[in-house]
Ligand SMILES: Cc1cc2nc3c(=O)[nH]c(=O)nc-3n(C[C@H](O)[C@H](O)[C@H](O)COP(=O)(O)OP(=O)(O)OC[C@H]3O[C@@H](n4cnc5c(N)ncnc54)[C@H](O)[C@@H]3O)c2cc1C
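In structure tokens, the next block holds one chain alone, the form predicted alone.
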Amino acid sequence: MKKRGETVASIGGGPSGVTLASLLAMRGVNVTVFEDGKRPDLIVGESLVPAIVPILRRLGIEERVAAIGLHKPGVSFTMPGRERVNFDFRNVARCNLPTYAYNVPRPVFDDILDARATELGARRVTTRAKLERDGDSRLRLGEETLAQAPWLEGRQPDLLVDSTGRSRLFARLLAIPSATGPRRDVAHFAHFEGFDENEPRGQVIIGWLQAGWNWRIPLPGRLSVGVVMNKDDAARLGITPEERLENAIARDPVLADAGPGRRRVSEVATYTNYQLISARGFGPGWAMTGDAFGFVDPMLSPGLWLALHSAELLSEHLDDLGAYSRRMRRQLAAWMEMISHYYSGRIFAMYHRGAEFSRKHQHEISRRIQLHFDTQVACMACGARTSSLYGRAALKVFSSRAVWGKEAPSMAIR
């Protein structure tokens, strides 16, 4: 892949596939996206992190995204007893990130990514691509699919990319196993009117539930509300996704108080099988991007950034797929670790104790310590330093039981 003019085919037109197509087209690579055009009305991943903004700028589409989205100044967590911990994105200025992000209606956001790839010269074939195994670890486009891209002149692409998301087409065809995380959650979410507006405007609120957690993501004209919990706990709330979501909202005092006059204005979407990473992310003439490579968890909203970042990394490592795979694995592992601190309650115990310490010892040293760790955690949770060895080590030490006592279990998300 060291020479320009080589051919790449992205199987799937999700965010990672079309972003890769845009980046390669900008470099003059002949790239084709095979996508059947079928997408649900509701797609998880409506809240972006600040690290995604530089990618939007690189693609030249930030203004378009700003026009259809809502400015996101930060994230708040509501804890047992209604205590609220606020994360302000202004803290990430110290790690050279924009001090904001966006909340976006996903179908329109995805359309912007699609349109940009076409503008930059990527070709698109609206079809469900058929692939065939070529030996034990190789793949090739089926002849019928190949014929629908006449510009390839009947030749197989030099690189096939799996951008089929959770369908994980290549893994299924090649029987590639995956490693799964400890969570066995299900998410139900929908769009509502009649909820109180989040404060400040655009702020995402993540709430603690007795058996899981919930999100409130402001979108233009509506609010995305979702609950995440263990499948057994969710089943106790009702038979249908609609019953489970409504009962979860009604039984939580914070959610119920925020939406006494709520009205659901969309279907209820359901997502399962979080925390999965493919045992292999590349092979001879093929690679995986986005969720096809691995997906971690909706907590902290890393999914879209990982999808677009995987496209960036692959576009930079076409001649060294092993290096691409290693860098993606580091990112996925770092995010899994980061998220585990939230589920265990350690991150909240650290903040709770830190706030107490600052109140008791109001001097410059305590202020600087608090600012330093606020910045580290913010930069890690926003995508800038998630894989930083220093940040990961510091967070592990300062959120440990030895430092903060026995408080973490009471703040854990079961």
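Not measured: the values here are computed from a predicted model. In this text, residue numbers run from 1 along the sequence as written.
Another form, the form predicted in complex with the ligand, is not on view; read the next lines as being about it.
- Only one of 300 to 308, 86 to 94, 277 to 285, 250 to 258 places residue heavy atoms within 4.5 angstroms of the ligand in the predicted complex, namely 300 to 308.
- Contact check for Thr386: no non-hydrogen atom falls within 4.5 Å of the ligand in the predicted complex.
- Contact check for Leu169: a non-hydrogen atom falls within 4.5 Å of the ligand in the predicted complex.
- Proximity of Trp335 to the ligand in the predicted complex falls outside the 4.5 Å heavy atom cutoff.
- In the predicted complex, at least one heavy atom of Gly165 sits within 4.5 Å of a heavy atom of the ligand.
- For the options His352, Arg58, Arg64, Arg39, the one in contact with the ligand in the predicted complex, meaning a heavy atom within 4.5 Å, is Arg39.
- Note on contacts: among Arg263, Arg155, Arg133, Arg128, the single residue with a heavy atom within 4.5 Å of the ligand in the predicted complex is Arg128.
- Applying a 4.5 Å heavy atom cutoff to the ligand in the predicted complex picks out Phe34, Glu35, Asp36, Lys38, Arg39, Val44, Gly45, Glu46, Ser47 from 23 to 47, in order along the sequence.
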